[in-house]
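As a starting point, one isolated chain is supplied in structure tokens, in the form predicted on its own.
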């Protein structure tokens, strides 16, 4: 049962969000403490992924809720190479600069995402044949972006998803053309270009033993080369009822023992059946639509809503237990309607993986996350 005083305060938060849509900036202090960023302000940053419409503040409800609830933000797509570096030597900083300005105005820290990733590369990079041309892109891309945003963003995901499930290096264009030292070199370049920015490695499933071992080896290799790495991001794309709590805790401890901060960078809990083999966030893997994979079109049953809330509560209790090692928890989206899980791995589904519903109202899971701190 949710504490009645917490429920009243949170209902006031919801009312304040709606009020802010009409231009009011008055925020009740008691209600402010019950926001996500207020509740965990002494523990770790609370972030969200922002899409273009949200960065440009075209949705009034989102524009009111985001700065009230979150003190960190990650761009969903606009800083990926195909968006920000669409042609050789041509950079499109416009939207990313808008994000930086928006964040500065709202006391939000930006995690820039991402410098080096095998996916969402511009077409000209995928056509490169020689190691020299790939290295030229690699070097210029990192130097240009990291230096442009040094001191303006809080952190960079320097390398994203470089590992296979068994912990070996993915056979990306960067591994094939530049060799197995390319991750170290990416961090070396980023360190030189962005001395005032935190530098992270980010991946999914690195809470699992074999992939975790691979991630530990990556961090150790960077450190042994005398290159700076400040943290590691565990993406946290899990399924309600199947969250690997024990392995998550082991991973927090293993990465923390390396002297780096642990982030949970893309957190969401799918409530839908998984048509793929194993738990993956590989965007290249998809499945055809089938009604059995989309069972909750008309709404979420109470039993599933309860499971989602319970899992989020247990997760945040775990995060609080290890708050000395954790720097940020970022949800991959603001509300259920925005989530990428509506269209992946099956297009056109109705998923409910976040803390706010499609009308930006807080769900039971939101209340339970707040209670993980206020009732501890």
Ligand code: 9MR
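All values derive from a computational prediction rather than experimental measurement. Numbering follows the first chain given and starts at 1.
Not on display, but discussed next: the form predicted together with the ligand.
J.: Determine which one of 84-92, 156-164, 248-256, 302-310 lies within 4.5 Å of the ligand in the predicted complex, judging by heavy atom distances; exactly one does.
T.: Selected stretch: 156-164.
J.: Counting only non-hydrogen atoms and a 4.5 Å threshold, tell me whether 39, 261 and 264 all contact the ligand in the predicted complex.
T.: Per the other structure, none of 39, 261 and 264 touch the ligand.
J.: Just to confirm, residue 212 within 4.5 Å of the ligand in the predicted complex by heavy atoms?
T.: Residue 212 lies outside the contact set for the ligand.
J.: Should residue 332 be classed as touching the ligand in the predicted complex when contacts are defined as heavy atoms within 4.5 Å?
T.: Yes, residue 332 is a contact residue.
J.: Taking the ligand as it sits in the predicted complex, is residue 105 in contact with it (heavy atom to heavy atom, 4.5 Å or less)?
T.: Looking in the predicted complex, residue contacts with the ligand do not include residue 105, since no heavy atom lies within 4.5 Å.
J.: Going by a heavy atom distance of 4.5 Å, is residue 270 a contact of the ligand in the predicted complex?
T.: Residue 270: no, not in contact with the ligand in the predicted complex.
J.: Sort through 123, 131, 101, 283 and report the residue having a heavy atom within 4.5 Å of the ligand in the predicted complex.
T.: It is 283 that has a heavy atom within 4.5 Å of the partner.
J.: Among 77, 168, 143, 274, which has any heavy atom within 4.5 Å of the ligand in the predicted complex?
T.: Looking at 77, 168, 143, 274 one by one, just 77 meets the 4.5 Å heavy-atom criterion.
J.: Going by heavy atoms, what in 104-136 lies within 4.5 angstroms of the ligand in the predicted complex?
T.: The stretch touches the partner through 113, 117, 120.
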